[in-house]
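First, one chain by itself in structure tokens, the form predicted alone.
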């Protein structure tokens, strides 16, 4: 139970409770929807960091986990009458197992070859789903309004899903923290620094990489199921939007790859910046351009991201913010 003595553990719990309670106190729907998007970004960035920051493999197609989770969840609920909890858990497990099987093959590639292959995986799955009639093809899946009656109606269901998404966000942060402190995490960092040397020292790199790839898929798939259940519909263009994968990379780099707090902070800041850009008429069509420029500037001048900058100036921060 050593983790109970860590300040970071209690910071995650406190912030998650604040996320959950604050919008509910005033029944602030606008704030709730803003925080939902922020939490989704944190989940995507934190789990992507397991590959980029911990293992050193850039995954440009991480959004495929989010989309598959959403499709599996809505298909099970709308087509077979599953309840939400069973559907999202099943979607997460299936997506994770499929990713594990894929990982043993695709992770034989390194560097740019792996990055390009992940784009191909996302686009291949998107095209498959767009032509898969059981999942609605290009029109997607739509849930009838009656689906939410079993959860006390649409209003109650939306709040329930919100609390679940906040819970998944907290689990993502704690999972990243536990992995970083574990022997498994040490093996991932060894692969990141020098994979060949890690293999010589006894790290089973293919197994470690495949497990990390699989783990990075589970919670985003669960989050995808919850998010699209909240929306009541899913279409291929939204579920497998490659732009969101690229934005997730920006979040990881902005906050600091290889840290636990970095993707969390980067996701929050990027969500605020994105919202500002989209609500500014003269800049609304350029938010992806600005994201690309921001990523370039980070790589050139602050490769450690915000947390790297803080660690250099205040070393004690590392003892509180992992």
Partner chain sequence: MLQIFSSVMDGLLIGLVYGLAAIGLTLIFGVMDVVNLAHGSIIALGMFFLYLFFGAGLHPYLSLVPVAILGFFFGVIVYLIAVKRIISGPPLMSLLSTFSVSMIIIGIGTALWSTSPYNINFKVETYNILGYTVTSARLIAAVAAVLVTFGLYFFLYRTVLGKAVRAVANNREAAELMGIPSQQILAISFGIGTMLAMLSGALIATLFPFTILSGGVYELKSFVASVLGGLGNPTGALLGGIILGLIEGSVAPFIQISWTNVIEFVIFVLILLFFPTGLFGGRK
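So that the term is clear: the rigid core is the largest set of C-alpha atoms that superpose within 1.5 Å between two forms. Residue numbers count along the first chain shown, from 1. Keep in mind it's a predicted model, so treat the numbers as computed, not measured.
Missing here is the form predicted together with the partner chain; even so, the following discussion is about that form.
The candidate stretches are 259-267, 273-281, 288-296, 66-74, and the one lying within 4.5 Å of the partner chain in the predicted bound form by heavy atoms is 288-296. Relative to the partner chain in the predicted bound form, residues 127, 246 and 301 are all within 4.5 Å by at least one heavy atom.
Just one of 153, 120, 81, 137 comes within 4.5 Å of the partner chain in the predicted bound form, counting any heavy atom, and that one is 120.
Though the partner is left out of this view, residue 131 does reach within 4.5 Å of the partner chain in the predicted bound form, counting heavy atoms only. In the predicted bound form, the partner chain sits within 4.5 Å of a heavy atom belonging to residue 116.
Although the partner is absent here, residue 35 is not a contact residue: none of its heavy atoms lies within 4.5 angstroms of the partner chain in the predicted bound form.
For residue 149, no non-hydrogen atom is located within 4.5 Å of the partner chain in the predicted bound form, even though that partner is not displayed.
The partner is not shown here, but in the predicted bound form the stretch 43-59 reaches within 4.5 angstroms of the partner chain through a heavy atom at 52, 58. Once the rigid core is overlaid between the shown form and the other one, residue 293 counts among the residues whose Cα shifts by 2 Å or more.
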